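Next up is one chain by itself, shown in structure tokens, the form predicted alone.
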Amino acid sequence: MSAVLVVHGGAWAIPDKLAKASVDGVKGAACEGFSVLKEGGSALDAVEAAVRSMEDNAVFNAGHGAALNTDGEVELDAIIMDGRTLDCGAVSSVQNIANPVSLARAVMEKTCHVMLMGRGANLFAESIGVATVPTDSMVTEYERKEWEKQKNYITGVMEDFNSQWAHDTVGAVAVDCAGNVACATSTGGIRNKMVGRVGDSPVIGSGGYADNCSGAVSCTGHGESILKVTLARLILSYIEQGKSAADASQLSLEYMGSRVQGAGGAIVVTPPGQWAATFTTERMAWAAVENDILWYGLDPNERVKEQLSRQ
């Protein structure tokens, strides 16, 4: 069967000055993840590679380029999940880790736990030889200036999510040639969040979920709203009822909007290779690769097609 990989770079009101960099970033990440699938790699390997690419790209709010909390610190969340086994790993409120998605995978593969947080997650990283990086190396000048402009948590979160200056989560979903699905999500959270705040991204069933019986989802948007409706699992429940990936995503996002007044986005892939990238925010940077064709978009109903080299 055909392998498919879909990525998102966050659902929010992406300003024009960041638009090209955001689209270029998701296109690059999609191609990097798909190259893993093309070489026979697993869906799990592919989503990790794609998300690492975006964690390393300072235009996105994950890893390098992450948002700052009220104390001016970087606290990172990530999840990864294998749809074949339902094995999953997550980290929350970790500091000074360049690629938290890989640390989440290590939690999945090297411990008997699902999630580690804060100091415990950092101690685990140290125990397995994951290098830490200085906070200053992860914070962009842009983020530092935006953080300094905002005075408190309430103002910060409301301005951050509802203005064009916010930026959000990254994620990837994939199905490999064996029909196995996987998801990964990573974020720096909301600017000026309270110390220790955890959003949806590392929470199974909210920020992401993967199950070979239905599909894989990675979510983005207002974390508290996503948590309240367990958005990733809600989308898959609609797919299990026979809805298409696109309809399941749209219905779930509309429900979140009407029930808790939250906006966001989601990428989905099913074991047969059906996929969707859906959002209710002003914009969402996304890209998908299937059969050596790259699809991408930013604005509502935008779907650009690009033929990739078959070499």
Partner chain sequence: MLPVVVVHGGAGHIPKERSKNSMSGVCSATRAGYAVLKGGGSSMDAVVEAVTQLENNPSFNAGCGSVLTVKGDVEMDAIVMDGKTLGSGAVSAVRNIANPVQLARLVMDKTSHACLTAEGASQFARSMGVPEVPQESLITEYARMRWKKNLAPGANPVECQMGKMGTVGAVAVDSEGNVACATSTGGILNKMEGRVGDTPCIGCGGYADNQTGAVSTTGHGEAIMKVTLARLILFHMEQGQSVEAASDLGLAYMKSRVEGLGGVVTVDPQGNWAARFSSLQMAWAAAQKDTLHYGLYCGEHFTQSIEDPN
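Quick caveat: nothing in here was measured; it's all calculated off a predicted structure. Positions refer to the first chain, counted from 1.
The same protein also has a form predicted in complex with its partner chain, omitted here; what follows describes it.
Asks: If you check I239, V130, V139, L227 against its partner chain in the predicted bound form, which one has a heavy atom within 4.5 Å?
Replies: Of the listed residues, the single hit is L227.
Asks: Do S102 and its partner chain come within 4.5 Å of each other in the predicted bound form, heavy atoms counted?
Replies: Residue-level check for S102: no, no contact with its partner chain.
Asks: Could you tell me if A178 has a non-hydrogen atom within 4.5 Å of its partner chain in the predicted bound form?
Replies: Although its partner chain is absent here, A178 would stay clear of it in the predicted bound form, with no heavy atoms inside 4.5 Å.
Asks: At 4.5 Å between heavy atoms, is M194 in contact with its partner chain in the predicted bound form?
Replies: The answer is yes: M194 has a heavy atom within 4.5 Å of its partner chain.
Asks: Whether R233 contacts its partner chain in the predicted bound form should be assessed with a 4.5 Å heavy atom distance threshold; does it?
Replies: Yes, R233 lies within 4.5 Å of its partner chain in the predicted bound form.
Asks: Which among 30 to 38, 270 to 278, 254 to 262, 49 to 57 is in contact with its partner chain in the predicted bound form, heavy atoms within 4.5 angstroms?
Replies: So the stretch in question is 254 to 262.
Asks: Since the partner is left out here, which residues of 36 to 70 would have a heavy atom within 4.5 Å of its partner chain in the predicted bound form?
Replies: Stretch hits: zero.
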